[in-house]
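Form predicted alone, single chain, as structure tokens, below.
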Amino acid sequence: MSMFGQVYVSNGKYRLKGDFHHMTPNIPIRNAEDGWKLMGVTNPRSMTYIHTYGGEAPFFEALGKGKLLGTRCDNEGCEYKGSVYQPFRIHCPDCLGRNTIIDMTATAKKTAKVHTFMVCERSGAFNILDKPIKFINIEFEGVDTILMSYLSLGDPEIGMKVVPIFRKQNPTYTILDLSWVPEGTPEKDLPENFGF
């Protein structure tokens, strides 16, 4: 049995199983310059956070299967009917109607290009991406919005054609399951657990 708590849904309700709070003994803080006198204690704790995806769950699940989902407004009464959104939007920002989920993997593989980029040499706490992080904003033909992601290989350039790669082995079910590489990159060069 896992030492961490697990969450599942049954009868439309979240069900919690296991232990969600783990106490660890306090560790003394001592002053090395003053005879190792006690100054205080650390108070380590482990917590489990529950993040719900709601209507965005299909997007995150699809990434682990090698698919990029977007959404489209199909509301006949909307002035902007037919607008396609990436990143995934549950509701149309213009008419507030529920959008239709669409598979735009093929569109991304054929038309994605770098709109702009930023290279980050340092990052904040808990970052797990290798530095420098090459953040890219990606535009797609026929899509009304721009997606922010990161480039796994190569150096970004404005207008550069890129293709999506997906963490299909051991997915995290987060946006980090999606990355991009320059068009023409061989599969053997992709990061571990990623594929086209």
Partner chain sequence: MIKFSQQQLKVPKLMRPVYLVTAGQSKFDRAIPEKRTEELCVDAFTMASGMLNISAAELKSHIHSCYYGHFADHFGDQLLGEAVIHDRLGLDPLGNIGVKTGGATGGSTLWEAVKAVASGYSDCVLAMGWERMDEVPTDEGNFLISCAADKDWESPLGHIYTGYYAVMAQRYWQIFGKAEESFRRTLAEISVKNHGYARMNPFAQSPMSITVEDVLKSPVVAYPLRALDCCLMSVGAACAIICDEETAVKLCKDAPHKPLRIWVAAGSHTLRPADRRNMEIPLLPNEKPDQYKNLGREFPGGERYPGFSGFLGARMAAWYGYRMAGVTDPTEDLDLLELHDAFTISDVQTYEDIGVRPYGYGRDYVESGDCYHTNPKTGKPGKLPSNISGGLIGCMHAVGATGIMQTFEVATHIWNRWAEIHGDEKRWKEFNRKKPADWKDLQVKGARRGMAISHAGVGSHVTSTILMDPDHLIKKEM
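Bear in mind that the values here come from a model prediction, so they are computed numbers and not experimental data. Positions refer to the first chain, counted from 1. Only the largest set of C-alpha atoms that superpose within 1.5 Å between the two forms is called the rigid core.
Separately, the form predicted together with its partner chain exists; it is not shown, and the next lines address it.
If you check its partner chain in the predicted bound form, you find no heavy atom from any of 72, 105 and 166 within 4.5 Å.
Looking at residue 97, you'd find every heavy atom of it more than 4.5 angstroms from its partner chain in the predicted bound form. In the predicted bound form, its partner chain lies farther than 4.5 Å from every heavy atom of residue 37. Within 4.5 Å of any heavy atom of its partner chain in the predicted bound form lies no heavy atom of residue 27. Contact annotation: residue 93 falls within 4.5 Å of its partner chain in the predicted bound form, judged by heavy atom distances. Looking at 35-61, the residues that come within 4.5 Å of its partner chain in the predicted bound form, counting any heavy atom, are 39, 45, 51, 53, 56, 59, 60. Relative to the superposed rigid core, the position of the CA of residue 173 differs between this form and the one not shown by less than 2 Å.
Once you line up the core between this form and the one not shown, the Cα of residue 146 stays within less than 2 Å of where it was. Fitting the two forms on the rigid core leaves the C-alpha of residue 133 displaced by under 2 angstroms between this form and the one not shown.
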